[in-house]
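What follows is a single chain, given as structure tokens, in the form predicted alone.
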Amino acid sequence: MGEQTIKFADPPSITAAASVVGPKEGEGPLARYFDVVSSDDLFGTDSWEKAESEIVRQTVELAVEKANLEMKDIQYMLAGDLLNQLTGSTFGLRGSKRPYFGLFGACSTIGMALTLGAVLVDGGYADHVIASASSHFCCAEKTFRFPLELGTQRTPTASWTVTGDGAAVISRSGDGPRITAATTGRIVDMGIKDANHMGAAMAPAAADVVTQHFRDLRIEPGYYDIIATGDLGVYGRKLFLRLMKDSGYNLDRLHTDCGIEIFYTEGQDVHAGGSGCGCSASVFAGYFYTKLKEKEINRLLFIPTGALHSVVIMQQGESIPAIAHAVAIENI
């Protein structure tokens, strides 16, 4: 449809979703929607990286169980994270013995996984696939910012990487909400170089893909009950809404952001809000999926957002490219 959008002929069903998060996320406003809230940031392991892999393992296995399936029923696993060479996902799923695609889209990864999972199912290549994305605060901080031991002061625009994972089972049939359309984003780089202001880097990419989604499908924003971006945070959301108005769309009453929803931005000292691959993934799998299943909302436009930077490129003075993917999920 149009330039960038797929409208699925036989929309795949999201038959189950699961979310596992850390202690801080369990202190936030969405705590009751998560399947598992750990009291231990290490999840019983001896390193942050191993902890993230354990989160992935637990979440995916729980999603499969909630779908009343066994691991052998899953034809493909699509998962990604922020660690080097996707170690969080790879080591978390290495015991699954199922076909695996490791995906990198930074914090937009769950949008990519849902899109490709729906393509596989709607295309007739699979009956059941898993889409998953994870992150861990401590892993991300030592990789992209500063070691925690330094106690470095965080800027007001900085976000707090979510410790958690969200996983969804996408199936050919079922009574869950369906993925009806997906708009794949383009790389957008507006020259932002501040690694502590991800919202500013990602907001233009989010506005670009949402505008294209409306144009490709020839629909108005009011078609959806909620339009939810991934992790723009407080400052990125303001910029996103301004850019959408410049394109002729007022989303003030429809829009929310997973990075704002997951934490109490004041009481939990997270500054701009939540971020990381696990942010939008866990908020969708916990909060929005529950709202869809209970028919409190019937049409969701879900737009995970990602900053496609790396430590090496940042050290070389490059700007931060960003991307976002829009996935329409509806009760039909």
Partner chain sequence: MDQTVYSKKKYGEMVKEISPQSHILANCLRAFSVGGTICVLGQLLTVLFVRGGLSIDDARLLTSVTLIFVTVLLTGLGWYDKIGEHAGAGSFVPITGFANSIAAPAVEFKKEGLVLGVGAKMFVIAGPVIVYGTMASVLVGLVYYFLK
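A quick note: this is a predicted structure, and the numbers were derived from the prediction, not measured. Positions refer to the first chain, counted from 1.
Beyond the structure shown, there is the form predicted together with its partner chain, which is absent from this document and is the topic of what follows.
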| property | result |
| --- | --- |
| Partner proximity in the model of the complex: Trp48 to its partner chain, non-hydrogen atom cutoff 4.5 Å | yes |
| Residue contact check: Asp208 to its partner chain in the model of the complex, 4.5 Å heavy atom | yes |
| Close approach of Thr184 to its partner chain in the model of the complex, 4.5 Å, heavy atom | no |
| Contact flag, Ser173 vs its partner chain in the model of the complex, heavy atom cut 4.5 Å | no |
| Non-hydrogen atom within 4.5 angstroms of its partner chain in the model of the complex for each of Lys7, Arg57 and Ala118 | no |
| Among 88-96, 74-82, 190-198, 219-227, the region lying within 4.5 Å of its partner chain in the model of the complex by heavy atom distance | 190-198 |
| Sole residue of Ala126, Leu103, Leu243, Leu251 within 4.5 Å of its partner chain in the model of the complex, by heavy atom | Leu243 |
| Neighbours of its partner chain in the model of the complex among 146-160 [non-hydrogen atom within 4.5 angstroms] | Phe146, Pro147, Leu148, Glu149, Leu150, Gly151, Thr152, Gln153, Arg154, Pro156, Thr157 |
